[in-house]
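Just the one chain here, laid out as structure tokens, in the form predicted on its own.
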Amino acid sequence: MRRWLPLLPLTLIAAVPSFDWGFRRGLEPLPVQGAPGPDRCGRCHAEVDDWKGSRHHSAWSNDIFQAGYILEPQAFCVNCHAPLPEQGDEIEVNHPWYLAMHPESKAPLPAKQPERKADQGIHCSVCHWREGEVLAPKRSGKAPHPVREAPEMSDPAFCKSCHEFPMPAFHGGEIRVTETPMQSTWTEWAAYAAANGKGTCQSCHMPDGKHTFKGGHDIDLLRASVQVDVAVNGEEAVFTLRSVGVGHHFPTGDLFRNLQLQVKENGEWMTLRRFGREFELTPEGTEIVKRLVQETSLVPGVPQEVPAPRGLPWRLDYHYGAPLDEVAGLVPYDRLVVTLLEGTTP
């Protein structure tokens, strides 16, 4: 079992659905033992094929996460992106950054070994395996293994267990949680639902029960999720941007994601407006913590207008990382920035 983080009091952890699934928002590994791997599940369940193309599958192995982990190799990150204990143990004895910081750790495993468990990311057992039973929202037909019916898996609060959590602060090798949300997607959806918004996490990201988990890395979905209109107002153009069919802020999730509306003038692209969250490092006692200073993401049903010069090329770019990520060169620029829409102002 990993020893990187202390076990924090449960009073610091927000409530989860009625059944305690063991999710601790990165504060510790998922306390699940003997979990079967996705290959075993795939013998009977075609949903595994959907999952193989999902971001859940590449939660640990994708290049953007790995680049961030090089810069900040925290167990807090591992506990969400490779949450099973055996995944964390594998990372602990193999990861060069961990070994550099902890030379007293166990010797690395041989270079050639069976499929790396960490590279399976968030797989079937993370959600569906507890205490030797397979959990499912609804029991259907006979199964060659114990099945426990868990209707709360269909509740958006189930997704909150991983997709809403506070910003951590680290000091002296210990961790505490702050009051700043690092991700607040569920709260954003709850506000949308309270305003009579239609749809849930599952109905949008798992349509018809598919385990595709489409989201911010599906470019076609991103392009369909934002509308840009440009009109003339006197001697200037006016952009109107709104999200389309999105039940939370856009962008949401990772704190670095943002949209940038740009125009090209005199051969140079300049940003007219950035849509997203902005944080600053703030001294707090003996610590430096991140605080939210501005939130400009697109909110469902709330268009934003941006004035611009007329007759200029424009584009709307989606950024997955911070400016530091884009200049560090650990990930190709075209993997960190994608143009969603473009045109010329009238």
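In this text, residue numbers run from 1 along the sequence as written. Predicted, not measured: the structure shown is a model, and the values here were computed from it.
Heads up, the form predicted together with a small molecule isn't pictured, but that's what we're talking about next.
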Is every one of Glu72, Pro137 and Lys198 in contact with the small molecule in the predicted bound form, taking contact as a heavy atom within 4.5 Å?
yes
Position in contact with the small molecule when the complex is considered in the predicted bound form, options Pro144, Gly132, Gly173, Gly234, heavy atoms within 4.5 Å
Pro144
Between the options Ala169, Val238, Leu272, Leu221, which residue brings a heavy atom to within 4.5 Å of the small molecule in the predicted bound form?
Leu221
Applying a 4.5 Å heavy atom distance criterion, does Glu47 contact the small molecule in the predicted bound form?
yes
Using 4.5 Å between non-hydrogen atoms, is Val289 touching the small molecule in the predicted bound form?
no
At 4.5 Å between heavy atoms, is Asp254 in contact with the small molecule in the predicted bound form?
yes
Answer for Ile64 alone: is it within 4.5 Å of the small molecule in the predicted bound form, judged on heavy atom distances?
yes
